[in-house]
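Just one chain follows, in the form predicted alone, and it is written as structure tokens.
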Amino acid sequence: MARVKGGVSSRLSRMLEELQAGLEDGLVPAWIFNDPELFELEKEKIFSRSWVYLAHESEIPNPGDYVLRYVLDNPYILVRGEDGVVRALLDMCRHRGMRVCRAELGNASHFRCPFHGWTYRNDGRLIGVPAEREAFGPDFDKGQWGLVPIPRLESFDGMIFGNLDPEAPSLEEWLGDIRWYLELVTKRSPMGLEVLGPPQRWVVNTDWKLALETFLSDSYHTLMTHRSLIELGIAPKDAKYAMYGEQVHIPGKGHGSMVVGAPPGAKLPPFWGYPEEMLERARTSYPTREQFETARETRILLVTLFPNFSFHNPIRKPDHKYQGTVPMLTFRVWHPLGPGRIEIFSWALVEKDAPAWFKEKTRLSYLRFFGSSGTFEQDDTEIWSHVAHNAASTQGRHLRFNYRMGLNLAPDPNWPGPGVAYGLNFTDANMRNFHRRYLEMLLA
């Protein structure tokens, strides 16, 4: 059995061995969802070495546009320079460490520190130092004191990721075969996606892993957690509607997807119910015929990238009075703030070339279901908070959670996409794959 290296207490080492010993048997100790010492190890071993989603390029389309984003407790100014290049600059003055950017988004040609007035161009160069000659002498070299860029910054189809590890593998290698599933939304139109405004943000007292599990693998919870929406006639009448699909994971990566079709006998339109003109564009936009055929049969799609990014693209009936359906797309970052505490960053997105009426309908659908006050979101966050609380309780932390669903389920050999697929969505296979990768990085 692998041993934790360097600086980890014997207590935490024993706890990780417990996780390792039970995982393949579908047993996960409750304590991993709220433990201060483990959280410190996650910061060092996972979030300091992983590709973390920062923003979509459509958030900063023009020179000078910027947004503030975070990797752990590190604030980064994600800014498009006058040269059109996107950079991520640590929001920390090189003189005394004050923040130089005081708004979450905007447009600026430069950033000035409010402490002593050091001023930086939006490409990170230091260009102004008050009383430079008198204070620092004639040999002061401003070229050595620019804002510090993030060690790695790469993008995929408009999605910008950052990494604190300069030796990290490329983003393309990190994503691996999950790209096939990302492209089901990023390649739906030749024009790509755009955000519908800045992200909504809210804090939840839960663990980042608990939140992402819901988007990675837990279709089972819709039976109970969201039952009220079924009773209201907003979700499909069959309470097991989320069961009818494929669950797919990428071995060795931790990524996973749930691709859900229409329940048997349900009259749901193909291709998520997107307008016919968008379906026609998708016929030539998707890279492969297999992706187009998969998209045409999809009604709900969820994808989670290790460690903390998810998106959700469901078909939705906005309310019980509306006769049609309106799909929506949300991107999520489960940003860890501390043990048992996260901040959710949530965007609504749509194809750039979607008709205006559809953009407004899909925005409203997002707000009603998965925005900060959305019905689905309220259901989920209430549950997540109590689970994290119990995971840290004196008795609860001695228990193990049941991850045995679908433990003996055979993979589906006919699935057209990459990864290991199962023809039934009621399985914990994606979660077990995620925790294998999680454990591998903690033990490295």
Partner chain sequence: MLTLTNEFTTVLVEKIQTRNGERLRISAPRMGYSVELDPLELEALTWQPVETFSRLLSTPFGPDEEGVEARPLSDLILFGGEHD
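Source: prediction; values computed, not measured. Numbering follows the first chain given and starts at 1.
Just so you know, the form predicted in complex with the partner chain exists too; it's not on screen, but the next bit is about it.
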The single option of 72, 230, 191, 85 touching the partner chain in the model of the complex, heavy atom within 4.5 Å: 230
With the partner chain left out of view, choose which of 210, 260, 79, 305 has a non-hydrogen atom within 4.5 angstroms of it in the model of the complex. 260
Testing 234-242, 199-207, 130-138, 91-99 against the partner chain in the model of the complex with a 4.5 Å heavy atom criterion leaves exactly one stretch, namely 234-242
Is it the case that residue 299, even though its partner is missing from this view, gets within 4.5 Å of the partner chain in the model of the complex, heavy atoms only? yes
Is residue 416 a contact residue for the partner chain in the model of the complex, using a 4.5 Å heavy atom cut-off? yes
Does residue 293 reach the partner chain in the model of the complex, with heavy atoms at most 4.5 Å apart? yes
Using 4.5 Å between non-hydrogen atoms, is residue 40 touching the partner chain in the model of the complex? no
Let me know which residues along 186-221 have a heavy atom within 4.5 Å of the partner chain in the model of the complex, or say none if there are none. none
